[in-house]
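This document starts with one chain, in the form predicted alone, laid out as structure tokens.
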């Protein structure tokens, strides 16, 4: 195996430090936002790409993590580093409980149900003024380390890399293979003696935990959150990242997130034509690469080659 294949995962992250070294607060901010959405796309990819549960409410789970961490640090006095994992756990548990009644649904019916769940969470965040301050949002949220934008970027990078490693281990394990079998055929899973309901419950908890961590990172890197940041359009954006990058592919999710966050900023000099150009590029990408920029089959081949495993690896 050549060096390119061996270190391709790390090479995916090279543009981010390069962008940050442009030495401006704006560049640091864009790079930090890209990292947060990389983590979001990876968590959504685990749910939608690997296990086949298409979620249209992932943006709302992201919001649960952001609000949980903001409330824990501003109302309960917890440090940001302690609030971060607690927020992930809170988003995972609350998201799981509200999604639980929909786990018997399949395909588009599950997707529509998660759309409704996302709207319920958004309306709750908007109208529960006593807790969330409604449309005014929560301000003065402490940063992770109390440093400038450069320090925030490196802290976010470290947390994102640790989470991506954990997601990678889940995806490329016996459990990850069971999730892929669940995606292909429920009855196949039952024939193997596994419970589809239990697998769906577990993957929801894991995916929502990392979405909650991403939300907490957003709260602690911006210092301010409001319900409008977690509307349906955010769920669509996250899903687009996963699809453009390649369903079921972790490097694909990373590429999709970088593309959809960085491309609008790179094209900012062309003004009003910016979003038109972004839409056109996405359309052409889907048209000519329907399985994504880095499809699942290529990602699996890379990982199996990385560890010296043959096609029969499970």
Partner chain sequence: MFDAFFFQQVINGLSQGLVYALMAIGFTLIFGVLNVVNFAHGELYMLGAFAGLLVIQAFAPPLFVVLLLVVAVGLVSGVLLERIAFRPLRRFADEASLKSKAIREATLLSSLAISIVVRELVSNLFGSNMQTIPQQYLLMTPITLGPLTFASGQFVIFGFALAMLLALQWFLFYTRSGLSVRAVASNLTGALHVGIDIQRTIVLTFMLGAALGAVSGFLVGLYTGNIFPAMGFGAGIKAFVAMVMGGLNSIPGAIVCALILGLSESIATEYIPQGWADLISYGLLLLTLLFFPNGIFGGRRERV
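Residue numbers count along the first chain shown, from 1. This is a predicted model, so every value here is computed, not measured.
Beyond the structure shown, there is the form predicted in complex with the partner chain, which is absent from this document and is the topic of what follows.
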State yes only if every one of 79, 136 and 219 has a non-hydrogen atom within 4.5 Å of the partner chain in the model of the complex; otherwise state no. no
The partner chain contact in the model of the complex: residue 83, any heavy atom under 4.5 Å: no
Using a 4.5 angstroms cut-off on non-hydrogen atoms, would residue 102 count as touching the partner chain in the model of the complex? yes
Would you please decide whether residue 143 lies within 4.5 angstroms of the partner chain in the model of the complex, comparing each non-hydrogen atom pair? no
I'd like to know if residue 191 sits close to the partner chain in the model of the complex, meaning any non-hydrogen atom pair within 4.5 angstroms. no
Candidate stretches 211-219, 235-243, 87-95, 163-171 - the one whose heavy atoms come within 4.5 Å of the partner chain in the model of the complex: 235-243
Of 71, 226, 117, 157, the only residue with a heavy atom within 4.5 Å of the partner chain in the model of the complex is 117
Which pick from 131, 108, 151, 205 sits with a heavy atom within 4.5 Å of the partner chain in the model of the complex? 108
Can you list, in sequence order, the residues from 273-292 that come within 4.5 Å of the partner chain in the model of the complex, counting heavy atoms only? 273, 275, 276, 279, 280, 282, 283, 286, 287
